[in-house]
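Read the single chain below, which is given as structure tokens and is the form predicted alone.
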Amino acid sequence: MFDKKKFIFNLIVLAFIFTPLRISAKQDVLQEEILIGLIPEQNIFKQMDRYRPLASYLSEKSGVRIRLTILSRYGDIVERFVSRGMDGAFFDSLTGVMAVTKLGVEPVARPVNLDGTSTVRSYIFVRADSRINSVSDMKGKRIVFVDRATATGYLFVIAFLQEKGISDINKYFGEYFFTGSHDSAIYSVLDNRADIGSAQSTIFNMLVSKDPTIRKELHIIAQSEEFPETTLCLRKNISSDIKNRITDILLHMNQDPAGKEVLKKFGALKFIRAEVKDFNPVFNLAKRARVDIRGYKGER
């Protein structure tokens, strides 16, 4: 004879048995996470605002929680990569070379800019009204750099000056200083706190797109060859499953409506696959600047 009360009781018991299992399974997925470092290309708050939507998108699509940490200095990133237990980082061209050489990280993807390029250049610029047009005009002036651990904000300028016969910036310039970010270096020249500056073309053009008057106020007097755009690199012993999931999502997010919205906020058209050979121009630049990458720390 069918016992309705017993049947309902059994259903309740089964519900209590299986519900915790489903919650536990969900928690296991959420506990899988990786830590990604960011370099201080611009103001750290702007930098975090730029990358946070991308991290959220990757977390949702991959099932892996992506945590971000931003570093205060470019030169810290190789040491902090190890000490903070990072799983990956968005390296610029020089820190990427340092990380590939010293840590053996693997480049996986880099963005394509809104102008269709996936590379950056170093710009050396002055105020348009400065009457500085050549290296000889720079003597005794104030020059601003981003960080010694940047190709676009320091190393290209050093190579450029050495090829013009200037080997000691301490003696040639009246003053030099570091700002720590590309946008700050640009504003230092705009605000007349420095006579000459160097910065990454991507950040320079981003600021120009927001304020076109910058193009009229600053004059670019030299630019470097092309270097790879900021590149996501992952540690070599990370789970191949996680690496493949994240890489695949990045490479195809421009085909997803939600992904396109995230790319729009990020300021890119799409991501493309990255390789170690992409950094060859940076290795060549280091040779021109007489820098040994294995021993280079980029200290100020």
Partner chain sequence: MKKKIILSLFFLFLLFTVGAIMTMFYILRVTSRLDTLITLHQVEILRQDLVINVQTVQSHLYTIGTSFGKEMDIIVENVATLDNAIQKCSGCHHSPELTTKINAIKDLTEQYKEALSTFITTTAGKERVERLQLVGANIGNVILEKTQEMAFIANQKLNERTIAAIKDVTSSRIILIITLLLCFFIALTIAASLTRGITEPVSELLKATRKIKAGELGYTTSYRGKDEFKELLEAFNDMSITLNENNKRIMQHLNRLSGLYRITLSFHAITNVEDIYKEVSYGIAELIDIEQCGVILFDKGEELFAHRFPAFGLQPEQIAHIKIPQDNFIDIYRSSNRRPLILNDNTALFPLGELDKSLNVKNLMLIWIRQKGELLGAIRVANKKSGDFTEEDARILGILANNVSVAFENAKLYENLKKQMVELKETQEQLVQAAKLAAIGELASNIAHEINNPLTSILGYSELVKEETDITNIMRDIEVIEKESLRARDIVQQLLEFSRKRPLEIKEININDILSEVLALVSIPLKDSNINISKSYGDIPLIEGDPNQLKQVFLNIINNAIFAMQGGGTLTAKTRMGRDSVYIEICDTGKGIPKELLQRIFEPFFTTKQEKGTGLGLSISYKIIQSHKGRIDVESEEGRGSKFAVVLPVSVRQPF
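Everything numeric here is computed off the predicted structure, so don't read it as measured data. Residue numbers count along the first chain shown, from 1.
Omitted from view is the form predicted together with its partner chain, to which the following refers.
Undergrad: Heavy atom within 4.5 Å of its partner chain in the predicted bound form: which of Ser118, Thr101, Ser184, Ser224?
TA: Spelling it out, the residue with a heavy atom inside the cut-off is Ser184.
Undergrad: What is the one choice in Glu175, Glu79, Asp137, Glu217 with a heavy atom within 4.5 Å of its partner chain in the predicted bound form?
TA: Exactly one listed residue reaches within 4.5 Å, namely Glu175.
Undergrad: At 4.5 angstroms, heavy atoms only, are Ile70, Arg73 and Thr179 all close to its partner chain in the predicted bound form?
TA: Checking in the predicted bound form: Ile70, Arg73 and Thr179 are all within 4.5 Å of its partner chain.
Undergrad: So if I measure heavy atom distances to its partner chain in the predicted bound form, which of the stretches 227-235, 241-249, 264-272, 62-70 falls within 4.5 Å?
TA: Looking at the partner contacts, the answer comes out as 62-70.
Undergrad: Is Arg52 near its partner chain? Define near as a heavy atom within 4.5 Å, in the predicted bound form.
TA: Yes, Arg52 lies within 4.5 Å of its partner chain in the predicted bound form.
Undergrad: Lys141 versus its partner chain, in the predicted bound form: is there a non-hydrogen atom within 4.5 Å?
TA: No, Lys141 is distant from the partner.
Undergrad: Looking at the partner-bound form in the predicted bound form, is Lys164 within 4.5 Å of its partner chain by any heavy atom?
TA: Lys164: no contact with its partner chain in the predicted bound form.
Undergrad: Whether Lys46 contacts its partner chain in the predicted bound form should be assessed with a 4.5 Å heavy atom distance threshold; does it?
TA: Contact with its partner chain, yes.
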